[in-house]
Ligand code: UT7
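Coming up is one lone chain in structure tokens, specifically the form predicted alone.
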């Protein structure tokens, strides 16, 4: 008779207990970048809703920003670092393949022998990580999980690219996920479409880049590092035609109607996409809509926790409110879930 393998006792419900963010010190207004992309402040605001963005300085690394946001989340949750059983870090801009940024952050926080790994799902990365964290808690595999979304996209920006240079930015956000007496993280609605990878992509892989560097050194020439490239029209078309279904799927899976929402926190990709989704879903005027993009730009995997914090900090939403999250972007990938908004630190 085969050995009987034991399983961890499951937990019925999971929720977000605390939220923290890190916003880089340097604020970059539109006026600072318009000349290099032959644009104007008015054009950028009209096309994207962005007025300014934050770009990290040398000491504001992926690990440093993640650690700062995580410390704030742990404080808000009133959970010490030693009670974290796993760290899941979502990013697309970590320029090192190993070790995982999550493992380094865990050590920086004073954790020992803690499971940690990174997730790469583009701008949907935070919601992917949140879904996995909730499932780890429900399965009894972990009691508390630290989820981080972080980016340093300024490292991957061609400053002369009119399609991208004004959009992407840097920052970090983190939440602590743990057990709850009532459900605080609804079932995830997620998916991807690899046939549209050209819509948002790195323009060359690192093998190609290294080959170009070697050829340039031999010939005395030069080469450019890999940059993010985006077909904004293709992304916009996909977002406004497909993502309404994704939102309704997340709502249906959670058993929550649009009228029961207190807040809507979509990925901060473009204010016009947010407006289109809000109209398509017939969001009541009572629903607070996250618009952190105006001051933070598009921070990819960091944008949803940063936008949640902005809503909570402004008083437009409060801890305990019911919110629909929706991450979407490179992949093309999406993920959404209904959540109960977590606590934040005072001040």
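Numbering follows the first chain given and starts at 1. These numbers come from a predicted model, not from an experiment.
Keep in mind that the form predicted in complex with this ligand is missing from the display, and what follows is about it.
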Just give me the single entry in 184, 179, 232, 187 that has a non-hydrogen atom within 4.5 angstroms of this ligand in the predicted bound form.
232
Of 37, 283, 312, 64, which residue is found within 4.5 angstroms of this ligand in the predicted bound form when only non-hydrogen atoms are counted?
37
Residue 329, heavy atom within 4.5 angstroms of this ligand in the predicted bound form
yes
Tell me, yes or no, whether residue 123 is in contact with this ligand in the predicted bound form, where a contact means a heavy atom of each within 4.5 Å.
yes
Just to confirm, residue 88 within 4.5 Å of this ligand in the predicted bound form by heavy atoms?
no
Please determine whether residue 236 contacts this ligand in the predicted bound form, using a 4.5 Å cut-off between heavy atoms.
yes
Non-hydrogen atoms within 4.5 angstroms of this ligand in the predicted bound form: do 22, 53 and 307 all have one?
no
Considering this ligand in the predicted bound form, find the one stretch among 69-77, 164-172, 133-141, 258-266 with heavy atoms no farther than 4.5 Å from it.
164-172
Output the sequence-ordered list of residues from 1-25 with at least one heavy atom within 4.5 Å of this ligand in the predicted bound form.
none
